[in-house]
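Take a look at this single chain, the form predicted alone, given in structure tokens.
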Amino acid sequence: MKITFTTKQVIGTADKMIYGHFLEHFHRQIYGGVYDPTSKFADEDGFRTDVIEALKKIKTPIIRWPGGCYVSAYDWKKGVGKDRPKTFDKAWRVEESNEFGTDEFIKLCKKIGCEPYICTNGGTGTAEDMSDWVEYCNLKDMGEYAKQRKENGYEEPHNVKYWSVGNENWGSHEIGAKDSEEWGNLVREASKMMVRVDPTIELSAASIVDLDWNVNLLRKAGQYLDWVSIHSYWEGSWNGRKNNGYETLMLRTGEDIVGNIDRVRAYLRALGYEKKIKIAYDEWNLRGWFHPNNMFLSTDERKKYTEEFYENEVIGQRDNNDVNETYTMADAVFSAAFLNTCLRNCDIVGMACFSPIVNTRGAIFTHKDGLVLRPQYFVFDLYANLMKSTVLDTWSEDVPVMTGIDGNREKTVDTVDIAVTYDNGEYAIGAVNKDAQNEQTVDLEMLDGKVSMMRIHTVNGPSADSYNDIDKTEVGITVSEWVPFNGKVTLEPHSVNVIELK
């Protein structure tokens, strides 16, 4: 296959925020994840230093918090100050200590060196609750909540720039779900109040790939918004659906990813907002979180519900998120294909948050003696550290394809996925080979510019099913020597690569 590109054909400038992450009060993401005062790795504030260092290494640009479904019944005021009552988390049906709240989140972001992104309660919360939260974080000394922050020991404002009105409030699974009319009204009024507190903030609101939802949202609140938020998980395993194999998952790396972006782009364009509002893909992962029997209990099922069932079949089942052999090269290859898609759509996708940072389906797994870095972690290591900011358009010839059945649909996707980035005479090319068995050779042709040397960074393992676990490391990064560039690159089977040219 042949890929042709030129610096005269530019798609746009990639925002580093597409390499962002997400953190929710679910299972071991916070307590026992980023925050664990009992750990031998804990610092003076209770944060795990090994997790922080791992997130710094991949240059984490932004973290979205506190949800997720959790936020739609969350009272942020109970998570600040000295008096923090324990509350019942109605989303995930566990007790929340409120030990980790707004100030702790800001402190975590400062330790990592990333932007905080706060998602507000669009379920049971009100426009006033949301604007009060902005007051607490961003006002210097005016009003009740800025004074409260100062009394809590934070003299200077937190200066949180990025805020989201709500989470997945379009869905019946969400506490405080709204119809499209209700949602447009709430976002409009919340946005008005939030920007009156701090006109410098950037606002997002929950969207979905649905015409009526977007029309109502954009007509009523579009003038206040900088972002619309969309979410996707491509291997839905909420209630324990069996994991599909590598080949099937690869069939979801084409239209399944870019189609969501294309449809939201069309809605923004139709309503005149394509140049004003960008897409924040602020929850995404190949695999959906595993939480069976949590939300959809029918009347008959509730009749047989017992404390033992709750402990074993609801809470106990969540530990299955931590089975590290689940996370293979399929996760790495899919993640790179997703990031390549964001890069090729950088004119409208300005943020993406991998869901979540740690544990559950995260790229990092914590245990008492250290960390396991899952295969997808190394994709972020390559892309965040090596990819350039200018994204070039490409022309492709003779691209091999993969065809197969996913469910009851036949799908065809490109076997090789390429994104070309450029800065100051140097190139970094994200190149993914989805083929589980065969190498792929790519001819790279530059219509302008000259390079003489090439180096390839590769994420891979011995097989498509390779994974990392405690005392077991099959997947990692290998780096070639700088070699003369002759225009040809060979990609290993089931591999993620960043090709440097200079």
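Only a predicted model underlies this, so the values are computations on that prediction, with no experimental measurement involved. Numbers for residues come from their place in the sequence shown, where the first is 1.
What comes next is about the form predicted in complex with ligand AHR, which does not appear here.
- Residue W92 is the only one of W284, W227, W92, Y224 with a heavy atom lying within 4.5 Å of ligand AHR in the predicted complex.
- A heavy atom within 4.5 Å of ligand AHR in the predicted complex is found for exactly one of Y267, W76, W289, Y154: W289.
- Heavy atoms within 4.5 Å of ligand AHR in the predicted complex belong, among the stretches 470-478, 65-73, 434-442, 37-45, to residues of 65-73.
- Remark: R219 does not count among the residues lining ligand AHR in the predicted complex, judged by a heavy atom distance of 4.5 Å or less.
- With a 4.5 Å cutoff on heavy atoms, Q376 does not count as touching ligand AHR in the predicted complex; it lies far away.
- Although the partner is absent from this view, H173 contacts ligand AHR in the predicted complex, with a non-hydrogen atom inside 4.5 angstroms.
- Within 4.5 Å of some heavy atom of ligand AHR in the predicted complex lies at least one heavy atom of Y233.
- Contacts with ligand AHR in the predicted complex, taken as any heavy atom within 4.5 Å, map within 4-30 to E24 alone.
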